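Read the single chain below, which is given as structure tokens and is the form predicted on its own.
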């Protein structure tokens, strides 16, 4: 979603994204003309009429679980976004019985939150990094 029109999104997809991602992006791009959504998330600058790049991870219940806001010169990492989504999905699926350590990827060990983990996170993290 951006403040750009659907026509700018189409041009960007056809002329740029389709050359980076086979067939272009597999989801609709939305226009936030006027910056209402960007204002709600604190990324719209009404004086300049632009939005700062932001990524917001919202769970199925509508709860904001994570976000990242970057200035335009710094690119985002789609793989990190996908990793975080997978981590949030795992935590949700296990109802908090499992947590993901820093840099966790699917298939790697998880943490089991509880009193037995207190003071031992570093050991679990070190073990998970060895795989």
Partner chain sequence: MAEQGHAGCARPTGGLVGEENESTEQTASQEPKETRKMLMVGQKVPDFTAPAYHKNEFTNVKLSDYLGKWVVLCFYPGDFTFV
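Between two forms, the rigid core is the largest collection of C-alphas that superpose within 1.5 Å. The structure presented is a predicted model; accordingly, all values stated were derived computationally and were not measured. Positions refer to the first chain, counted from 1.
Heads up, the form predicted together with its partner chain isn't pictured, but that's what we're talking about next.
Interface residue remark: residue 53 is counted as part of the site for its partner chain in the predicted complex, having a heavy atom within 4.5 Å. When its partner chain is considered in the predicted complex, residue 44 lines it closely, a heavy atom lying within 4.5 Å.
Taking non-hydrogen atoms only, residue 103 never approaches its partner chain to within 4.5 angstroms in the predicted complex. Looking at residue 92, you'd find a heavy atom of it within 4.5 angstroms of its partner chain in the predicted complex.
Contacts of stretch 1-20 with its partner chain in the predicted complex, defined by any heavy atom lying within 4.5 Å, are made by 1, 2, 3, 4, 5, 6, 7, 8, 9, 10, 11, 12, 13, 14, 16, listed in sequence order.
Once the rigid core is overlaid between the shown form and the other one, residue 17 counts among the residues whose Cα shifts by 2 Å or more.
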